[in-house]
Each structure stands twice: as C-alpha cells, then as structure tokens.
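Only one chain is shown below, in structure tokens, and it's the form predicted alone.
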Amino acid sequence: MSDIKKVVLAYSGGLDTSVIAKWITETYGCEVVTFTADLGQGEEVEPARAKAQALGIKEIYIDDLREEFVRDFVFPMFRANTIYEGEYLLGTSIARPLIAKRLIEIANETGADAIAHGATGKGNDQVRFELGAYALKPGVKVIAPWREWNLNSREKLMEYCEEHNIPVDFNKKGKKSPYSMDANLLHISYEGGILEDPWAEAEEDMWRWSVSPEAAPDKAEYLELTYSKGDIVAIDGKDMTPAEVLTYLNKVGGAHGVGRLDIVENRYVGMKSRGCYETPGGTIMLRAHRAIESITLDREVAHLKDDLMPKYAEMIYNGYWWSPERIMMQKMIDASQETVNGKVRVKLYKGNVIIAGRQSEDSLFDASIATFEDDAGAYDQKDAEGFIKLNALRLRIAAKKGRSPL
C-alpha cells in the first residue's frame, strides 16, 4: 500500500494524462485531483472537466492563468532580452514554473501529499516541474509515470484505455498530428516526426500560427509600442493588459510571417533535440525592447545585462526559475528597467521585424553631441587624443618590450 493519499495531476485531458490519472489510481491506490491550466494554448480547456469526471475524478481544477503567465513570467523574462543558445525564446520553459507553482498551491489547498506530471524521462520538462515543486514544497512527493511504467508506445496506451474503459473520443476526431506539440500565449513548438532528421525541412502545413514569409502581405505594417518600466502597456495608443498585448502581437506578427524558428538545441539531460517554434509576438517584443533600451540604458548597464543574459536564459531553460540566483538576478534586471520608458515604432514585412523609430523622455541620446554637423562646442574632439593614448598605453609598453602581436 502506497503512503501517498492524494496527488495533484497536471492534466491536459489528452490520451497520456487520461491514462496517467487511471494508472495512478490503480498503482498507488490514492485519490487524484486534476489541474488543467489555460495558458492561451488556443484550445478549449473546459472539455477536460468532462473527461476527468468520466475517469471518476472528484476534485477538478481548471484555471485561466493567461494574465498571470504573461505578467509574472513572460514580461519579466523579456526585460532581460532572454534567448537560449542565441535563438530560442523559451516559450515552453517559461510556462513550467507557473504550472509547478499552481500544482503546489492546489496540493496545499486540497491536502495532497504528491504531484504528478506527464513529462517523459528524456526531456527537460520533468526537471522543470520537479525543481519548481521541490523549491516551493520541499517535502512533496513526485509521481512521474513515464519513468515508472512500461506503457512506452501509443499502441500500449490505447490498449490500456480499452482494458480500463477510458474514453478516447478525442482520438477519433481526425488524423493525429505526427508532431509532439506544446502551445501557450508565447509560442507553439513542434518536435518528432520528420523533424527527428536535422536535414529534413519542416513541412509547410505543419505551421499553425504564421504564414510563410513568401505568402505574407506585400505591404508592410507599422506598430507603435508604448513601454513603461520595460513592459509594453499600449499598442498604437490603446492600453492593453499583458495577455492582450501578446495575443495581439501574435496575431499581427503571424500574419506577416514573423517568428518561425528551426533549431537544434542542447537539452539539460544531455541530448541534442531538433525543434521548430512559432513565436511571432515574442519576436516582436524582443526586437522592440532592445530598441527602447538602446536609447534609455547606460552603456555599461546594457553591456552588463548582455553579459548576464545567457546565464539567466540557462537558468530558465534548465528549470531554475524559483532558485535564489534567478530571483537575485531578476531584482537587478528589474532595477535596470526603471528608465525603460517610451515608444518604439516597428515595421513588419515578410518575416522581418524592422525598427523604424524610438523615442523617450528618458532618452540618453543627445543629438547636440552625436551630430555630424556643427555641435557648437558640445564635444571637444581634441579630448579624443588623450583618451586614445591612455587606452593604448599598455599596448605600447608591451610592444617596446618586444611583445608584438605579429
């Protein structure tokens, strides 16, 4: 008999987690609470309630977390201009700490002593869910069926459904996508299928959020983004909530072919993985945020942020959102955003995000100094001679000692 009495399961309502719900009940002899999160994945989440009820689940949580997701996770991450390995905008990674947080909150509310997830033993998500859970509830137990059972194929899962009378109507609505997909307001990802061959080009009909750049409109579209302390608060003069901002940018960006990505990334568990991503809104946000920072941040602050960003991105990718080092770094990043206010004008055209203008009352750009025209003495060009000689001093001394770089 298991010592686990009640478990909170991250439940999508799909085949895998439906089997997991039944399997946990049978294997552990415990009560299962299901939790389904609406993170803006573009699919109805309410049907998960009926599916959970059909499995005999008594406590069912279905939560709309879209605003919290963008406000407390996506926006803070973008203040750091975060990208992993130079390309990936961390759409899946940044959703996991919120799911872990809510799993633990529900466990506390319901008196559950364990959580469960449907992540496989090969991926990053198992690490992200569990690191978050342990950080927020050190004594919590974790059930990860894919590391325990022998149901390691779709055929075996279907057989299990037939044996245990688990409804699988959701499998009969059409041809199953050959890809493993994950979606939220920030992105949609694709793995598996032909993508397991890094040489094979992704099929055009795989993409769901964006048109191809070739099929995008021939006329460019302009957007004006208003920033307050590093976050977009309005588009074209219209105030918007964080989730509304990202929803709108996804729509308009996707219509112009913005945000497609095909990469091979290094997973935390050690293997390389090829994935394709659509992140139209996030791609616009990244370019525009760097543009507003370019006129509002001090040079050394901007460069320090750039130096620290890869480490910050690695923390999020590897699942350390709730770690003390990420929290410490976030405070520094947020402090840098106090003056990141103003407007950025972007032009969207056939997959490109082009910066067309930026302005801010907190701008450090001084036209009277930077001008190529007469600066009326604002900058004394003679000062540059001493500046250069002092910076060259160590190079000159080394060269005199015969330490020539040639």
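Since the model is a prediction, treat every value here as computed from it, not as a measurement. A residue's number is simply how far along the shown sequence it sits, counting from 1.
This protein has a second form, the form predicted together with a further copy of the same chain, left out of what is shown; the following refers to that one.
K.L.:
Within 4.5 Å, heavy atoms only, one stretch in 277-285, 159-167, 241-249, 264-272 touches a further copy of the same chain in the predicted complex. Which?
P.N.:
Of the options, only 264-272 has residues within 4.5 Å of the partner.
K.L.:
So in the predicted complex, does G56 come within 4.5 Å of a further copy of the same chain, heavy atom to heavy atom?
P.N.:
Taking the distances in the predicted complex, the answer for G56 is no, it never comes within 4.5 Å of a further copy of the same chain.
K.L.:
In the predicted complex, does A356 have a heavy atom within 4.5 Å of a further copy of the same chain?
P.N.:
Yes.
K.L.:
E31 near a further copy of the same chain in the predicted complex, any heavy atom under 4.5 Å?
P.N.:
Residue-level check for E31: no, no contact with a further copy of the same chain.
K.L.:
Consider V344 of the chain shown here, and say whether it contacts a further copy of the same chain in the predicted complex, taking contact as heavy atoms within 4.5 Å.
P.N.:
Although a further copy of the same chain is absent here, V344 would touch it in the predicted complex, with heavy atoms inside 4.5 Å.
K.L.:
Could you spot which one of A183, V233, V127, V211 gets a heavy atom to within 4.5 Å of a further copy of the same chain in the predicted complex?
P.N.:
Of the listed residues, the single hit is V127.
K.L.:
Only one of I106, A255, A135, L151 gets a heavy atom within 4.5 Å of a further copy of the same chain in the predicted complex. Which one?
P.N.:
Exactly one residue meets the criterion: A135.
K.L.:
Note that a further copy of the same chain is not shown here; using its position in the predicted complex, name the residues of 182-208 with a heavy atom within 4.5 Å of it, in sequence order.
P.N.:
E191, G192, E196, P198, W199, A200, E201 sit within 4.5 Å of the partner.
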